[in-house]
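Okay, so we've got the same protein chain twice, two forms, each given alone as structure tokens, structure 1 and structure 2.
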Structure 1
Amino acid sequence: MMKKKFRLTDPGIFVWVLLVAIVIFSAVANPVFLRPRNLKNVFLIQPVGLGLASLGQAVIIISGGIDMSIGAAVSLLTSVAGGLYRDFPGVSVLTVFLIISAMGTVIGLLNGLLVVKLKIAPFMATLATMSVIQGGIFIYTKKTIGGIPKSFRFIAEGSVGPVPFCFLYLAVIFALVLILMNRSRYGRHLYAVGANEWVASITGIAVDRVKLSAYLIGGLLTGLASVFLAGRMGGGGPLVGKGYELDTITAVVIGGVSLAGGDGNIAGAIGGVLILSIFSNLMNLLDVNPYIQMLLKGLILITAVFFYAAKTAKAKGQEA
């Protein structure tokens, strides 16, 4: 059997090459980047919320779907976290954690049912859900809700020795998702469904069940991301998750996950998250206008999609 050639342009490798390159560029562009406090924030704290949400987006995209409601869901769930402490001051951390996680899962279930049972295209289904959720948030609250206590904020601000607790939080969840995707039959089924639903169905895979479960996992991970974000900001609000749908898609695409489904890896998605984290940090250090940052993120997404699409087309041409 021939060994696969090592290529720096392979998606699973290129993301890490790009990560090293952007680290070097950032260090040269602004020496503040290399300060220990900044490095701790960029690598261990800042990527946590986006990392968890991007893991969910990656699972959904690999299954052949997409989730445009993540940003609205984050806004809703962080608002509810703040609202629970406002209305029930003595509520326990575990209770709020479970409520937010459960609500995220329910949102995922709703998206999954729209896609699987009503056969609505994933983009349109989750775009509709996004609109419904965003409208519901403004009915619930039109402003930021603060007041989350220090006990809950430990998730985002606490430490275990020198290591931020939130980094361990992300690391454990990442490890579980990685095992699920790479070391289980379910993971193989997920990739198969994303690659070709018809072929997957004739091999005995329960396609609808797999697709629905992908949205459930995505919703749960969005809930877990919202727990961290509510703790970090000390509350929530209608616009907290604004742009998260684009950021999660950009992160997973940079990481080599194909928007066509059935291809990509979870580790690469985290690499994409780190690249976006460093990019945002550098833009802030250089005092770049936020609107220009949005424009640049869009260009990064277009470039990543074009690059990987060209690689895929070339590979298929060589196979033919």
Structure 2
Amino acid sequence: MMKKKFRLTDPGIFVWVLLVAIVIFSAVANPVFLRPRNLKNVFLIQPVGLGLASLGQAVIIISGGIDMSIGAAVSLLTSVAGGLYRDFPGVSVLTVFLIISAMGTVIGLLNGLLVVKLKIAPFMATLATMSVIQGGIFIYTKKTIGGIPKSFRFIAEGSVGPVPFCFLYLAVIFALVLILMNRSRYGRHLYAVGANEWVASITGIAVDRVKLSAYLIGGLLTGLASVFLAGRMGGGGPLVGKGYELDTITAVVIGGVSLAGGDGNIAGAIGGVLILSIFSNLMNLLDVNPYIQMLLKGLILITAVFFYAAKTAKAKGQEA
């Protein structure tokens, strides 16, 4: 951790180089970027939802899996948050928070069991869960449920002094995940399982349990992201999370976490989220045609991965 050869194309470093580059570019390209209000939006508020969900995705990817059900889960959980306030108007913020987090964890458990117990490839397993959850949402509601009160929206809109509360929310959770992944014994085990299951198992690591726990943590983080998003959107609906899974994977991969598992720093996921958030802001500031935005986004993704793919992916062949 102390002395490392500084290599620009090292995934863990490249993401920050890319981030600095895009920040400098944005600052030069449009002075509005540097307005405090814009900076606050871009750095402290906009990355929170995707940030939390991407942390979960990163944990799962590091453990050697992938989660395609995040989008559906976000839709379900935000809908339920809205539904709780609709059906039980006086419900306390804490209760909603706990219910949503718990539900997220249960979804994670479901994914984990399919992967660990039924040994379905994670991509297919979580795809199946996605389908089931999406069906479940339509049983619950077909309409967007708004009307989440200000008290709950504090999570997304409130401030503590000059600092947005949601930033603190992300920061605290990020710190915890960072400690868990980089400083705890469990974190080492997770990396070991993702990198080489056999070696992990002969060291006595309970591989299945670790994998299952990764999905649990991923689910919990999706739940925590949904809490924020419910506050930010003031409600939820059957389609609001659509595409979130691909966004999180994009962020995580740009952040230098290897899709092969076992490699990459969880902090990179946040770097990746910031890049996406600044990119989106930059495009708005420069008023770029949406189709060109799309083209650029694809190019950024390919470019970022292009640079370090050879290092990260070849270790495990070219597995999906």
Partner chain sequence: MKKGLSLILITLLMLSLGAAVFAGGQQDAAGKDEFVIGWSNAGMGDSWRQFLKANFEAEVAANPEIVKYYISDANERPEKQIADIDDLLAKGVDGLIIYPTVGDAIIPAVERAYESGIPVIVFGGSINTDSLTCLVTQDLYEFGRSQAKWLAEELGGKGKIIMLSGIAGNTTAEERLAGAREVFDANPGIEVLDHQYCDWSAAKTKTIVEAMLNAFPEIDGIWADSGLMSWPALQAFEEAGRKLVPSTGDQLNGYAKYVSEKNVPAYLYPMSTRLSAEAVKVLVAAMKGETVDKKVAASFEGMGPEAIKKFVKPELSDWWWVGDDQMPAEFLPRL
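Along the sequence of structure 1, residues get numbers from 1 upward. Rigid core (definition): largest C-alpha set, two forms, superposition within 1.5 Å. Values in this document were obtained by computation on a predicted structure and should not be read as measured data.
Of the two forms shown, structure 1 is the one predicted on its own, while structure 2 is not. Core-superposed comparison between the two structures: the Cα of residue 44 travels less than 2 Å. The Cα position of residue 300 differs by 2 Å or more between the two structures after fitting on the rigid core. The Cα shift for residue 282 between the two structures, taken after rigid core superposition, is 2 angstroms or larger.
If you overlay the core, the Cα of residue 291 moves by 6.0 Å between the two structures. Core-based superposition between the two structures puts the Cα shift at residue 29 at 3.7 Å.
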